[in-house]
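Heads up, the chain below is alone and in the form predicted on its own; it's given as structure tokens.
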Amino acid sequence: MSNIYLKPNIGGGIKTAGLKSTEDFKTATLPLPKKVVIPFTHHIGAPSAPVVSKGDHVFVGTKIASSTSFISADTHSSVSGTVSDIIELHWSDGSLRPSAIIETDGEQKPDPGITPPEISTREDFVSAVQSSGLIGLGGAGFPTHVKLAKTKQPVDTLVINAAECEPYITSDYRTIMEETDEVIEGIETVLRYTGVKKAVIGIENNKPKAIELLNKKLNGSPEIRVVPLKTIYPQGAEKVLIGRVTGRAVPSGGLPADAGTIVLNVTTVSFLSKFVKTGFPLVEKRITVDGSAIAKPGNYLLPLGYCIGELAENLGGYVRSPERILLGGPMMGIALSSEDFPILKTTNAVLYLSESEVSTIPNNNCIRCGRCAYGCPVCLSPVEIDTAYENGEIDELKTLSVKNCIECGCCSYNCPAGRPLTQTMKLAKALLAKVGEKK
């Protein structure tokens, strides 16, 4: 993580330095990469099944992997060219995921079979969204059509996540500023086909221009309102956001629908607006590129599968050696071990950080200061969970509700002893899942 100053906040969460230096950088494009690497599965849920082989020619938007269950999503080619190989890509969790390497032909011809979807019912809408390959674009990667399907619980509120609370990242902000009409049209589309009556846009108050623009465009809409929020991390975490904009709580182990809500990222609804008009699937992503190691920070619209190393080359290279390259923000992003890793559907930023932006605190003994619990936005006690995990106390981990951890990183960042608490929380959750699988 970077050495951003963070101040614990009463009530959960932490104050961060925004470092939003790219917020006024309009979205730009870059030369096509020589190749893209596209995993067949980007999402949470059942893996997608590849439908292309080495040597196949593909267009922009050609389906290359098909969903295998309802909680799954299709994947499409982001370029026109030839599938040069099928590889096993090393993922951040150590797993291997089948992926296609596609050599670009430079023509970017769209797939001739793409047409606008015919939608008249909620079921049509859900089916069309599943075919688009859309998953949560805020980072979690849950297939969007699952959220839009009818639930047993009554849902009355659509919550739009425009908080963008992590330092550095401004890609969602640029979506609002550059695609305001599409954002509003996307929200109206979701309301129309799901039957949800109202929508609230949760956005941190450090984005006054975006708040003003949205309110101007909405012009007093009775269905959609903007809710400015305190600037505090992790304001954009799903459960936190629901509580802040509706006053409702998602029960332990529950889903947003259990609080009468659907939560979608602001870039997700912008995509939906364009998709229902064109039928063009998800093949590109707006991302923030920042950090003092890269020559040309900014916001860029890139085809999925653009590799991190070639991205750096096309941005003028490094002005100093990167100490760490993060896929995502400094709080929840993943440190990459290879520049061959690609841009994913869930990628909202790539940070090329120099040594001055990265601090490493040696892992020392806990001093029982309580700062980890003080900043936890979901009121857990990471120090007790850490002890229970080290001792293998399964029942205690359940009692301490470790499953409710949102892996935001507040506990690790607040710890003056440098203990890897967030990693321990992840391991503890994985341990409980493994125990559950054996029963």
Partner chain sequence: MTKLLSVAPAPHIRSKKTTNLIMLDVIIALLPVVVASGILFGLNALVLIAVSVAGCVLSEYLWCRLMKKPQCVQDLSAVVTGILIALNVPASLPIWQVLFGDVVAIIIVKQLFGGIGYNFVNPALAARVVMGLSFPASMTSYTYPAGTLEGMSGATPLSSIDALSNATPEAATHLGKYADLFSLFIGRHGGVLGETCALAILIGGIYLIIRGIIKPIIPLSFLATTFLLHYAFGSIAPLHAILSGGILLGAVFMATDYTTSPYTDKGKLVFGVGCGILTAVIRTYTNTHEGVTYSILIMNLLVPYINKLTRKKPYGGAAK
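Nothing here was measured: the structure is a model prediction, and the numbers come from that model. Residue numbers count along the first chain shown, from 1.
What follows is about the form predicted together with the partner chain, which we do not show.
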{"property": "Distance check, P110 to the partner chain in the predicted complex, heavy atom within 4.5 Å", "result": "no"}
{"property": "Touches the partner chain in the predicted complex: P281 (any heavy atom, 4.5 Å)", "result": "no"}
{"property": "Heavy atom of W91 within 4.5 Å of the partner chain in the predicted complex", "result": "no"}
{"property": "Interface membership of G291, the partner chain in the predicted complex, 4.5 Å heavy atom rule", "result": "no"}
{"property": "Interface residue in the predicted complex among G55, P31, G370, G392, criterion: non-hydrogen atom within 4.5 angstroms of the partner chain", "result": "G370"}
{"property": "Residue among T115, S321, Q153, N205 with a heavy atom within 4.5 Å of the partner chain in the predicted complex", "result": "S321"}
{"property": "The partner chain in the predicted complex reached by all of I119, E188 and P234, non-hydrogen atom within 4.5 Å", "result": "no"}
{"property": "Stretch from 95-103, 205-213, 119-127, 353-361 whose residues place a heavy atom within 4.5 Å of the partner chain in the predicted complex", "result": "353-361"}
